[in-house]
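The data below hold one chain only, encoded as structure tokens and taken in the form predicted on its own.
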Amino acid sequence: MKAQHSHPYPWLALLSLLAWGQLALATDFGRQNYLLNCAGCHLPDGNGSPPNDVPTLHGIPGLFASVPEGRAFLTQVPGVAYSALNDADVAEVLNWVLLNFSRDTLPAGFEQFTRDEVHRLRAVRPAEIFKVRDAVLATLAAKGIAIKY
């Protein structure tokens, strides 16, 4: 006679598997990496700290993403350029920030950052990042987009 080995509550085993699956689907690594690597300065809500020259992430990055030099700038700020995160994780964080804090200001047809784009742009590390920012602001102003930074 063959012994049967079955779970006494098969529905409980199924429920456990479903719960783990939902947990895996709900994991948001862009958000997690933002909280671990960016929120110390930009704050968990993305509001930044104007007295410390840490800008808000609401609105401005979406406007920057509308011009090539602005996209480059977003990858070259020191906290991004020198982050220990790999290029794929940086792309994921940038996309998370843009879609969660700056969705209303993203350009029509916005294309998310890719690992390859981040790798290429992040390799350039300007010595005077504030001059780069000023140039992006001037480019946007010429297009009629004035940002009070």
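Start at 1 with the first residue shown and count on from there. Nothing here was measured: the structure is a model prediction, and the numbers come from that model.
One more form of this protein should be noted, the form predicted in complex with heme C (HEC), which is absent from this view; the next part is about it.
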| query | finding |
| --- | --- |
| Site check 66, 91 and 116: each within 4.5 Å of heme C (HEC) in the predicted bound form by heavy atom | no |
| Listed residue (45, 104, 111, 53) with a non-hydrogen atom within 4.5 angstroms of heme C (HEC) in the predicted bound form | 53 |
| Contact of residue 77 with heme C (HEC) in the predicted bound form (heavy atom, 4.5 Å) | yes |
| Distance check, residue 37 to heme C (HEC) in the predicted bound form, heavy atom within 4.5 Å | yes |
| is_contact(residue 135, heme C (HEC)) in the predicted bound form, heavy atom dist at most 4.5 Å | no |
| Distance check, residue 57 to heme C (HEC) in the predicted bound form, heavy atom within 4.5 Å | yes |
| Residues in 102-132 with any heavy atom within 4.5 Å of heme C (HEC) in the predicted bound form | 129, 130 |
